[in-house]
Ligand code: ADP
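The chain below stands alone, shown as structure tokens; this is the form predicted alone.
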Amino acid sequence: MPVFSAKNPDHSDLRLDTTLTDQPMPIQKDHIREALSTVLLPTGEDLVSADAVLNIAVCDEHASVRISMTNDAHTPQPPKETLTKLGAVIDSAVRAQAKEVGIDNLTLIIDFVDHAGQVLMKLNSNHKAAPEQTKTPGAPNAQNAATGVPGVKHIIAVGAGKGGVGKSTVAVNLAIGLARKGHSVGILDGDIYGPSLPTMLGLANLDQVVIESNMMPFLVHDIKAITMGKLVETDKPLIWRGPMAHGAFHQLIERTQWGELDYLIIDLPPGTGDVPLTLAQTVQLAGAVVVCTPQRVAQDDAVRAVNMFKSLGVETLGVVENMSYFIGDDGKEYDIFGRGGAQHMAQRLNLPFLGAIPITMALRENSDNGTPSNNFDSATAGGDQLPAALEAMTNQIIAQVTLATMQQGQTKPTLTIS
């Protein structure tokens, strides 16, 4: 078995003056990197010199590192026993460095990944292997093995049991509504079979920028956006089997440089297939928003979506009733789909009702024209009702995310990544 060891350098230059506060100073990424440079591989190189450290994320008394022991698909991966032993050495080195800056209870997560960034083993702060991700849709602990996206505070999935209910409309307007309240927001078009964001956000004339295999999100309408629709030919059908969909969605999550975000909105494809499962296994979610129209047939499918999220360990933040009613040019309201049906469903399931979004001519035009910000201005939204409904929905979702965070006993650390 390979022998790993750690140097014993003088860390005095990294010590911070804590005499002016009773609280320990937060550990820095440089501290973690310095500690990793003391971990020697059997080749004699340290982890940093061997380019095995892919990234480091820290916040307060929390840290995570991502390590790759191979740089191509042909080099065999070390056995789990070897990774576990290396993880113990890394844990010891980083914990010793943390104590140098006054942190005795560091939470450390170590991800060992392959050359493509796929996680091979996740080790917690006690250098014990975390539970492996389940591969079956009915797994109640899918979220247990999921991690956060570096720099992102809250991740919200927007889903629906069926297509055509306006899920992307809700996702886009929620993202813009959050941004208008001063939050930093990103949106990921997870509907990889039928991406809508290129049209709804007006991305037609923009090119996807990729730097060192990482995608740079578009900055439009004061939000950051990424979509599969800008990575394939416009008219090309996306005919993918489950593993291909899994891989594509994983790439969108892992290889996008989001930066610091308060909220990341993920627009899921309709139904209860591979992508929601991949999402639940990959990232820790603040919760899910289920979109439904008032019709009974939509409610039946929405219930299935709620049960899917429950089976994956994802909390449903509430239900949005889209296309709740139609506002004509005369200002009169028409309940063409049976207004209130989704609200009654939410009450039946004991779920929060997040709001009712009307259909208006302006909403359709703004969506088709890629100008969704106009939905928040009464002068370009056909009156006050649509902006008011979007504002109310946004406020409700913020409240439910805050409540869910408190109930989960979180104040989840905000990660920064280098």
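Everything numeric in this text was worked out from a predicted model, so none of it was measured. When you see a residue number, it is the position in the sequence shown, counting from 1.
What comes next is about the form predicted in complex with adenosine-5'-diphosphate, which is not displayed.
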Exercise. Can we say V185, L188 and D222 each have a non-hydrogen atom within 4.5 Å of adenosine-5'-diphosphate in the predicted complex?
Worked result: no
Seminar exercise, completed: The one residue among G166, G148, G177, P276 placing a heavy atom within 4.5 Å of adenosine-5'-diphosphate in the predicted complex is G166
Seminar exercise, completed: Answer key, adenosine-5'-diphosphate contact in the predicted complex at 4.5 Å (heavy atoms) among I90, L317, A298, M200: the residue is M200
For this session: Would you check, heavy atoms only and a 4.5 Å threshold, whether I357 touches adenosine-5'-diphosphate in the predicted complex?
Result: yes
For this session: Decide whether T70 counts as a contact residue for adenosine-5'-diphosphate in the predicted complex under a heavy atom distance cut-off of 4.5 Å.
Result: no
For this session: Considering only heavy atoms, tell me if A305 and adenosine-5'-diphosphate come within 4.5 Å of each other in the predicted complex.
Result: no
For this session: Would you please decide whether D368 lies within 4.5 angstroms of adenosine-5'-diphosphate in the predicted complex, comparing each non-hydrogen atom pair?
Result: yes
Seminar exercise, completed: Within 4.5 Å of adenosine-5'-diphosphate in the predicted complex, heavy atom basis, the matching stretch of 106 to 114, 73 to 81, 321 to 329, 205 to 213 is 321 to 329
